[in-house]
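The chain below stands alone, shown as structure tokens; this is the form predicted alone.
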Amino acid sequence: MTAPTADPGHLAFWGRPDAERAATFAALRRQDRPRWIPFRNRMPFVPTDDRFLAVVRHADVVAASRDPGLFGNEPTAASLYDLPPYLARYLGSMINMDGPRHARMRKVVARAFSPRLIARLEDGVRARAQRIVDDVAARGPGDVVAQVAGRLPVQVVCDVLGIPEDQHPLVTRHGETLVGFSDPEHTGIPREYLLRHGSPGPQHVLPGSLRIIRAGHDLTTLVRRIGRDRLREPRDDLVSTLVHADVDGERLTPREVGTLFILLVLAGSETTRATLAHALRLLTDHPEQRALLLDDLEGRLPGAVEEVVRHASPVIQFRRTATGDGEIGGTPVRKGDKVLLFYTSANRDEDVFAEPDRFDLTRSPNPHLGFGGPGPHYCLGANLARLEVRVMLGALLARFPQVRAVGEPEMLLSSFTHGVKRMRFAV
């Protein structure tokens, strides 16, 4: 477990094939308790010698998720690093809050993701998915991420927020930069250097951070401009809700609106994009499952979506920070310890899933943790994501039953998001 390619604490590990990574986590699950792992990929924040507790079993991830009093999201959940102020101003959102403060903010946003409101969105989602499929028919297939998987989620989340269509390319571009904070394409740091050292050198930290700052700045500038318009003329969109929200008698600050906006863009588009791309890859690699799905497309699509999310785990892990002394899975933790909940491992736990490496769209029950563990931080947009994947995948397969991935996908280099940057496809 000390070689970089077999060490989840080294960035090179996250550039290895999925099967090798799965084997490493299977070995970790066989150990008698969660283990401490040195953290060596320091991208792109303040370098530090540090370690994290790798929580890899389904039961332990569930237990930690249900105990926010001991395993908190503050000061940050989406980064192993405590974000410096110049990044926290853009990324320090609701996801990094605990207790009453988190509950109040979540209540404001949750109104936009109620089952009733999501049902209202379905006709619009179907219409957009149909236009995307029509475009593929007219122009021919190329990159499924650019033409299909990356389009619908951004369009839908922008519809919910109230972002005009001419701003969708900006949202897409900057969302890719923020979610790709450890990928060479988005940081400008040579891949060979990252895989060798697991972290940027001093010459790389500032340029990588500047790209993230620029993306955060441009997105918050966009939402502030739209927010000013919505203060004067409210509409039926989430930006209007945010700028008029009353949280304990106070309006949200422009910074709070900006960080919530960035969170919703990333959570509402990037992970759904990855799920759609993985769905096509998995159906290509498992033609018998494709045939089973096509035999009853509408009936089996919901189960197929759940199995894609389980098998692919678009969100690899989230961090928790111990708020006091305690234990998880038999391993003691002390206040301030960093704990990583590896959903990618929990979703392959042999104690929960029979033949966990097998892709089986009829798997039932399927208690995966692809949208996070139970508790106050469970994904607000889970049902919207399910709707988008189900509708887009259904529209694509109905028009092109033999649609398939061609060649190997180009993967995002990340320990956080199991993302697909590009993948050729044919119809």
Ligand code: HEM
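Numbering starts at 1 and runs along the sequence shown. Not measured: the values here are computed from a predicted model.
Keep in mind the form predicted together with this ligand is missing from the figure; the text below concerns it.
> If you check in the predicted complex, is residue 101 within 4.5 Å of this ligand, heavy atoms only?
No, residue 101 stays farther than 4.5 Å from this ligand in the predicted complex.
> Taking this ligand as it sits in the predicted complex, is residue 36 in contact with it (heavy atom to heavy atom, 4.5 Å or less)?
Although this ligand is absent here, residue 36 would stay clear of it in the predicted complex, with no heavy atoms inside 4.5 Å.
> Just to confirm, residue 339 within 4.5 Å of this ligand in the predicted complex by heavy atoms?
Answer no; every heavy atom of residue 339 is more than 4.5 Å from this ligand in the predicted complex.
> Can you tell me if residue 388 lies within 4.5 angstroms of this ligand in the predicted complex, counting non-hydrogen atoms only?
Although this ligand is absent here, residue 388 would touch it in the predicted complex, with heavy atoms inside 4.5 Å.
> Name the stretch: of 181-189, 281-289, 239-247, 308-316, exactly one has residues whose heavy atoms fall within 4.5 Å of this ligand in the predicted complex.
Of the options, only 308-316 has residues within 4.5 Å of the partner.
> Exactly one residue in 40, 377, 363, 29 has a non-hydrogen atom within 4.5 Å of this ligand in the predicted complex; which is it?
The residue in contact is 377.
> Heavy atom within 4.5 Å of this ligand in the predicted complex: which of 252, 83, 222, 263 fits that? Just give me the one.
Exactly one listed residue reaches within 4.5 Å, namely 263.
> State yes only if every one of 157, 372 and 384 has a non-hydrogen atom within 4.5 Å of this ligand in the predicted complex; otherwise state no.
Result yes, every residue of the spot touches this ligand.
> Select from 270-286 the residues with a non-hydrogen atom within 4.5 Å of this ligand in the predicted complex and write them out in sequence order.
Stretch hits, in order: 271, 272, 275.
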